[in-house]
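What follows is a single chain, given as structure tokens, in the form predicted alone.
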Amino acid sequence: MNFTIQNVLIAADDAYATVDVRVVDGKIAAIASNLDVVGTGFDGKNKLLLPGFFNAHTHSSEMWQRGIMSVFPLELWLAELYDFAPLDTEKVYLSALGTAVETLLSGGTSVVDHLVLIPGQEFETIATAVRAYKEAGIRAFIAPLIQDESITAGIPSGELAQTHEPYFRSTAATLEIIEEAVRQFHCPDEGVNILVAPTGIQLCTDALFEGCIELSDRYNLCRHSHLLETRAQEKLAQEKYGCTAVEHLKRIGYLSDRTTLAHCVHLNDADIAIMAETQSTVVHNPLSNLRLGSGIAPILKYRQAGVNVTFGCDGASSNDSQDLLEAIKIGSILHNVTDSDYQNWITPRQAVEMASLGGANGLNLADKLGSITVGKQADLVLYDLTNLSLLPRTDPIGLLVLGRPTNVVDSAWVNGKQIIADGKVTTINVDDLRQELFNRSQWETKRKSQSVAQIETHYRTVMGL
């Protein structure tokens, strides 16, 4: 689709410019005043145009448990999550659609889904998520979540000798599933990308990481994992490797300029230097880190060290939403309490750049996405500056990042295709989605997790509680 957005506000240096933006064959072809209209004309008056944001780390199927999860730290929270996560592919489909819609309506045009796989239906799970994201029209980076150790292996042993059940699927079989998914679904030109995504050092052997490195190199895939989300994982790394998790991942060659790492809450200064040296990207998930008591990631230190940082919502039962604008706001202002030198604080413009170009950088796409630049693909979002939550008129980006914007996305395009018009997603029927999510769920309050009952005493002991 060719189109021209007329008289629209874009960020320019420290100010704004009113320009026309022309898109031809899915790419930004011209940015100037008084362009001739090519294709469809859109009125950009009193609207702000920004590059689409990246929801750079989430788990779509967690949507089914949002609002119900106990107030637990990650290790116990995960045990409860898995006790009550009997998924079927229809649920995977609906929650992927829901994740796409909420991301789109909060300014995101790309999603990195660290996708939980249904045991025995791993391939069908991936195929289902691909179908949902293609229908919604969002740019999808599907990172099938894999591990080869059972859940108790994720908790430090302390002084106690621990034995763990073997994981139900072999490392080799897991890698075969990912390779087959790459062969069938990895089509960047069609907006679907497969990533290698071992869950993290806490539940993965070196053999799994090394197999993922090999696939990543052979098929030119990006890499995605959790990293040092909790104090328990920091202790576990010392038990497993006798060094930090970051040192170990560097040693085995997992860190690179196409590796994105979610959370990164508990890194020391030497770790941060390694992250900068390897050009690895930190995905900041401020809401889940607060919800699970994981800590505040040292984002200002990362930025000062030259580490690329972007934002994620994380799964919708540790957040419990997919509102990117909320994640960007909290992920910016949270850090004003971690450094008294206000000159290091994150400005609204820096936050917008982290959410767009920072996300593109982490996925090795900074030459194609992440800014309003001639030649880049048209992943664009148009915000309505007459919306009550963005008034009265002051600094548009300041209002968007620091305010509480509601229903402010007027239009959105992915690869030049319009998927939001007049504030409504046009690719799928959102009312039908709402009805399906309602019909397939019920009001719940209290529930008891058997797995938590089995591991809580040990967890409290090793964590000194």
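Every value quoted in this text rests on a predicted model; they were computed, and no experiment measured them. In case it trips you up, residue 1 is the first one in the sequence shown, and so on.
The next section is about a form of this same protein that is not shown, the form predicted together with a further copy of the same chain.
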Exactly one of 33, 406, 429, 40 comes within 4.5 Å of a further copy of the same chain in the predicted complex through a heavy atom, and that residue is 406
None of 420, 50, 399, 414 but one has a heavy atom within 4.5 Å of a further copy of the same chain in the predicted complex; the exception is 399
Practice task
Report whether all of 121, 198 and 239 sit within 4.5 Å of a further copy of the same chain in the predicted complex, measuring from non-hydrogen atoms.
Solution key: no
*Are any of the heavy atoms in residue 20 no more than 4.5 Å from a heavy atom of a further copy of the same chain in the predicted complex?*
no
**OP:** Find out whether any non-hydrogen atom of residue 395 is located within 4.5 angstroms of a further copy of the same chain in the predicted complex, and reply yes or no.
**Re:** yes
Classify residue 345 as contacting or not contacting a further copy of the same chain in the predicted complex by the rule of any non-hydrogen atom within 4.5 angstroms, answering yes or no. yes
_Does any part of residue 444 reach within 4.5 Å of a further copy of the same chain in the predicted complex? Heavy atoms only, please._
yes
Only one of 333 to 341, 172 to 180, 303 to 311, 252 to 260 sits within 4.5 Å of a further copy of the same chain in the predicted complex by heavy atom distance, namely 333 to 341
Looking in the predicted complex, the residues of 296 to 310 with a heavy atom no more than 4.5 Å from a further copy of the same chain, listed in order, are 296
